[in-house]
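Quick heads-up: it's one chain on its own, the form predicted on its own, in structure tokens.
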Amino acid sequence: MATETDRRSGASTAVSFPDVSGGQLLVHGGLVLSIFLMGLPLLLALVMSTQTTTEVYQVTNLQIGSDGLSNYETALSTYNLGQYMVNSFVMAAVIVVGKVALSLLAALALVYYEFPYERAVFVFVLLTLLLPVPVRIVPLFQLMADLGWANTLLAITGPYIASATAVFLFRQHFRTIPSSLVENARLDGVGPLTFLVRVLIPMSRGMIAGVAVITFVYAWNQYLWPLIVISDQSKQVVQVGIRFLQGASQSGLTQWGLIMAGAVIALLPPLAVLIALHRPLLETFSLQQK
């Protein structure tokens, strides 16, 4: 028989749960509902990607379809979506590397060099945000044609290499680095490029990763400019490739299951990049402590 002391010790080790107020339950419930509503289109796309054309047009049918993964196989093989994804990945990788490298050099010059009208140059760089590619698409296409770059990788990557946003982010980050490091580097005779590679880049890995993620997703989702400047279908990118799927029909009905399968496939690479580098992305916008 347990003694009084044993009963008291057992009572003292009982697990206590924190009190949850009604307001907290309401907040958490609202957050869960918001996440569900935001993810609902993706869930519907996943379900529709497994359905036949007839099943898709049955509005009340929200079950996994009978086609299974056949729509994915058709999109990758018959409609060459795999090649379009390779083209998009190459384009996005070139843009990421070129934009990060050029923006780092520009930010280095703006922060650590003294030259006439430095602030005016920086303001001019920011003003380029008012002229994105869709605004200057006609003269840009003429320029690509004059340079002989039309229907090439240079045409879909060159206009996106320079970025005022990336220059601004790197410039602001470099300005937070202690000036004592700069003075020590100058006293030691360290050159600007060596200082960039050995000091600035290691101290800016989070910012670089964040800019790379943003740039990759932005480049991956390009549609209008590749559609205009690339005439060879085999060189097109995945977003245009999904547009080709809309031409597929069955008994006069658009094959939405096939289109949804292509959209899900196109979503996977940027989603993987976002998941792998989400911490640096949050640090870029100061949404998460390092």
Partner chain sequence: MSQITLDGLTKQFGDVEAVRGIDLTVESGEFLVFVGPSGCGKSTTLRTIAGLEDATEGRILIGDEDVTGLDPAERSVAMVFQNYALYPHMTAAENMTFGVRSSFESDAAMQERVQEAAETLDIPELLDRKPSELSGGERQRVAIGRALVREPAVFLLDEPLSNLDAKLRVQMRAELLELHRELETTTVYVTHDQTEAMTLGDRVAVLDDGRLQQVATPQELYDYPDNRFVAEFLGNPAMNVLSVDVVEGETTYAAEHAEFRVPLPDHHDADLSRVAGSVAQFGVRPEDISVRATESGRQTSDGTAADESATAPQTVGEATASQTVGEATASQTVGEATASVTVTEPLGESLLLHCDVGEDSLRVKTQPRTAVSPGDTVVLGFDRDRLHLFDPDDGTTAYHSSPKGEAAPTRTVAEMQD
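Quick caveat: nothing in here was measured; it's all calculated off a predicted structure. Numbering follows the first chain given and starts at 1.
Only in words, not in the display: the form predicted together with its partner chain, which the text now covers.
Put simply, of 90, 137, 185, 121 only one has a heavy atom within 4.5 Å of its partner chain in the predicted bound form, and it is 185. Exactly one listed residue, out of 181, 217, 143, 105, brings a non-hydrogen atom to within 4.5 Å of its partner chain in the predicted bound form: 181.
The candidate stretches are 68-76, 166-174, 200-208, 82-90, and the one lying within 4.5 Å of its partner chain in the predicted bound form by heavy atoms is 200-208. For the chain shown alone, residue 195 is a contact residue for its partner chain in the predicted bound form, at least one non-hydrogen atom being within 4.5 angstroms. For the chain shown alone, residue 161 is not a contact residue for its partner chain in the predicted bound form, no non-hydrogen atom being within 4.5 angstroms. Looking at residue 116, you'd find every heavy atom of it more than 4.5 angstroms from its partner chain in the predicted bound form. Using a 4.5 angstroms threshold between heavy atoms, residue 125 stays clear of its partner chain in the predicted bound form.
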